[in-house]
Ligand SMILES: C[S@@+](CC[C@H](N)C(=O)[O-])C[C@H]1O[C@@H](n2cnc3c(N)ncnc32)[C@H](O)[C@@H]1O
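One chain follows as structure tokens, the form predicted on its own.
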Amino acid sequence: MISDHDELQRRNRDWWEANPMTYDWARTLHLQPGTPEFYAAIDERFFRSSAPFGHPDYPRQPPFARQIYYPALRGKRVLEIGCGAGAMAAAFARQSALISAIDITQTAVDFTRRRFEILGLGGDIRPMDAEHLQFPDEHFDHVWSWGVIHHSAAIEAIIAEIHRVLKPGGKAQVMIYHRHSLRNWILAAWGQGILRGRFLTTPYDEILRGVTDGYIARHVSVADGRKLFAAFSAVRTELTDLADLSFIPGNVQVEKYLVGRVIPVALKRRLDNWIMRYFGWFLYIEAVK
């Protein structure tokens, strides 16, 4: 992989400009980008996939209501790092937070600004590299970033910047990719490393990058995640995943033909939750400054 930081970050930015985060990896979403129907469709995909972890009573609950106590953020300054198409930025704005939303790509900023225009929401939305936040020290009460900072050339720089811009007692809520997940063991270690023989020529980190999104995709252990946030006064971690566990061999067939007929739905749900809790691909971190 390229070692020059600036070139790496440039390629990272270019990748996301060409592949904006619209949850349409299979190119099945045939809607005009920037329309209300487009935003509704991508929100449905995003929020449904994260519902078991974040908002089990969706759509009656706001997104990530289990993690975010929105009433405490009314009138407070909130920063979202990596706004994508603006789903969470809009959620914060709707709950009366003073939202600033940034993204490394102009495409994401344009999507988010267009969403806010359609919904009549207010917010500070601008392109920015999170490794160099253009905000004063101790400016924000809260920072949110879901699945973003592991795609940057220097994740440590972003975390240092999050710490800098947070007020004392402020909280960061961040999701990054978990290295020791069942998904990685099946798709990367077994499928690529062993069955295709890539372990003979390719480092595991490079194999991992090939089974996920982004030009850069770092994966960290729970212990490493805690070390990254060591400057914070309190750190809590939790593993979760996408609701869709189709990477597990046979899981699609089990869901289609057996769940509700042979396997009770509640039992399958408990199994999926157990997998996510102990071997999830998403490492969720709450860190208080």
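Residue positions are given as counts along the sequence shown, with the first one as 1. Bear in mind that the values here come from a model prediction, so they are computed numbers and not experimental data.
Just so it is clear, the following notes concern the form predicted together with the named molecule, a form of the same protein that is not shown.
Item to check | Candidate stretches 134-142, 104-112, 162-170, 185-193, one within 4.5 Å of the named molecule in the model of the complex by heavy atom | outcome: Of the stretches listed, the one contacting the partner is 104-112.
Checklist entry - When you measure heavy atoms, are I176, A223 and L239 every one within 4.5 angstroms of the named molecule in the model of the complex? => result Heavy-atom distance to the named molecule in the model of the complex: none of the three under 4.5 Å.
Checklist entry - Looking at the partner-bound form in the model of the complex, is Y23 within 4.5 Å of the named molecule by any heavy atom? => result Looking in the model of the complex, residue contacts with the named molecule include Y23, since a heavy atom lies within 4.5 Å.
Checklist entry - Any chance I207 has a heavy atom within 4.5 Å of the named molecule in the model of the complex? => result I207: no, not in contact with the named molecule in the model of the complex.
Item to check | Contact flag, R198 vs the named molecule in the model of the complex, heavy atom cut 4.5 Å | outcome: Flag for R198 set to no.
Item to check | W281, heavy atom within 4.5 angstroms of the named molecule in the model of the complex | outcome: W281: no contact with the named molecule in the model of the complex.
Item to check | Contact residue in the model of the complex, from F46, F38, F229, Y58 (heavy atom within 4.5 Å of the named molecule) | outcome: Answer to the contact question: F46.
Next on the checklist: Between V148, A90, I125, A97, only one gets a heavy atom within 4.5 angstroms of the named molecule in the model of the complex; which residue is that?
Outcome noted: Here the answer is residue option V148.
Checklist entry - Which of the residues spanning 151-177 lie within 4.5 Å of the named molecule in the model of the complex, based on heavy atoms? => result Counting only heavy atoms within 4.5 Å of the named molecule in the model of the complex, the contacting residues of 151-177 are H151, S152, I158.
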